[in-house]
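The chain below stands alone and is given as structure tokens, in the form predicted alone.
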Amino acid sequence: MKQIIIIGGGAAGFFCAANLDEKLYKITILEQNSNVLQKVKISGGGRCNVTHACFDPRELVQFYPRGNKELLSVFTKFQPGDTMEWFENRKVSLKIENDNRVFPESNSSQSIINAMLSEIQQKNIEVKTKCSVREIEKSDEKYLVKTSLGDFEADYIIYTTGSSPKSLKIIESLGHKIVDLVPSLFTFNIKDDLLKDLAGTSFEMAETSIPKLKTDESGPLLITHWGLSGPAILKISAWEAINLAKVKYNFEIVVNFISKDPDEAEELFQKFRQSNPKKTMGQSKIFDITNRFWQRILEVSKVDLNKQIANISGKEMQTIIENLCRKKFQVTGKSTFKDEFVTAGGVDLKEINFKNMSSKILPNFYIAGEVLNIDAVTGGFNFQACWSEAWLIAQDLNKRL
């Protein structure tokens, strides 16, 4: 019986194993940690954001800063609808939330993990944990995988290690080109009086731009202890991951907290002033922001909270609008959360055959998941790439014998 060794017991490795025909192969998964599927467990705050309800491959690839061209053919064969069906067929009920992210009904990542573990057990696939791969040697038609638990012989290797530098060194030593790793999906560190002590304050729709890079993004925004986060920031960090690494995470960002251009904001201000001339500035609810944030805007704009709105000068109004619609911040670094950590970089995509995720350099060698130079914005997209790539590998191997 031919031997398949899957290196890496994460989303891609397990999903591939779960879709392989165990009657054709002897399959072993090697995982260096003591637990498998660790990222699945902690993703989405422990709820597991399985995928995203976007069922048109052409639309879906727009969420991938790196890998969008290559994934188009992959998603035409297996897309989020197929993922949902796969889990539903295994008694995992899923739900689509308002923002189109897909979670298990149970709100627990354990439902997703159990479905895959159950498949693996039914197929009698061997899982070896605490098994660290040290080297892979090509010998004739086979591979020798040298690990902390001894040597394993393989006819086929499926490489789904995630983006650890060690795993990239191993595959580089076999002849693959590696694109340098840089973080993607991170929050911006900003020290500014406007944000001080306002952690947890959120904005339903904000606009962000980085003038130096001529780039902008919009979406929900969140003030954190470190600075700014939320989809508007995470998206811009993903698309500009390489450029932001080049400027060493020091740059200016312009934020429009209310997603209105200054003229429109001024019009709203004037209308409110006409109908509520006696209201104090502190009590004036002109824009859709929290009272705490509004009061902080007035504070940094040096406007007295007790001043009646009728008595506000044109200059004061312009300062308020500037701080709301065109506030400039100096970013002085980034914060990444280990559980949601995603990297740009990895195995060069030119060396992969995207019909079946096989290596163009190594025979009988498949590569999938975060070890590739593919990454997405937050929302279930990174997992979807793993499921689709892994499924393709399994289909290819099931047809081989």
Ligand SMILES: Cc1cc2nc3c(=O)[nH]c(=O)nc-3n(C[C@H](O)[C@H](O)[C@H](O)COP(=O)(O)OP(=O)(O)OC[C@H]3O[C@@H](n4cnc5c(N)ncnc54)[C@H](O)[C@@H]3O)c2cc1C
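The first residue of the shown sequence is 1; numbering continues from there. For clarity, every value in this text was computed on a predicted model and none was experimentally measured.
The next section is about a form of this same protein that is not shown, the form predicted together with the ligand.
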Name the single residue among 349, 42, 362, 53 that comes within 4.5 Å of the ligand in the predicted bound form, judging by heavy atoms. 42
One stretch from 260-268, 228-236, 245-253, 125-133 that, in the predicted bound form, holds residues within 4.5 Å of the ligand by heavy atom: 125-133
Is there a heavy atom of residue 160 no more than 4.5 Å from a heavy atom of the ligand in the predicted bound form? yes
Residue 7 versus the ligand, in the predicted bound form: is there a non-hydrogen atom within 4.5 Å? yes
Using the partner position in the predicted bound form, report whether residue 60 sits within 4.5 Å of the ligand, counting heavy atoms only. no
Looking in the predicted bound form, any heavy atom of residue 33 within 4.5 Å of the ligand? yes
Heavy atom contacts to the ligand in the predicted bound form at 4.5 Å, residues of 150-177 in sequence order: 160, 161, 162, 164, 166, 167, 170
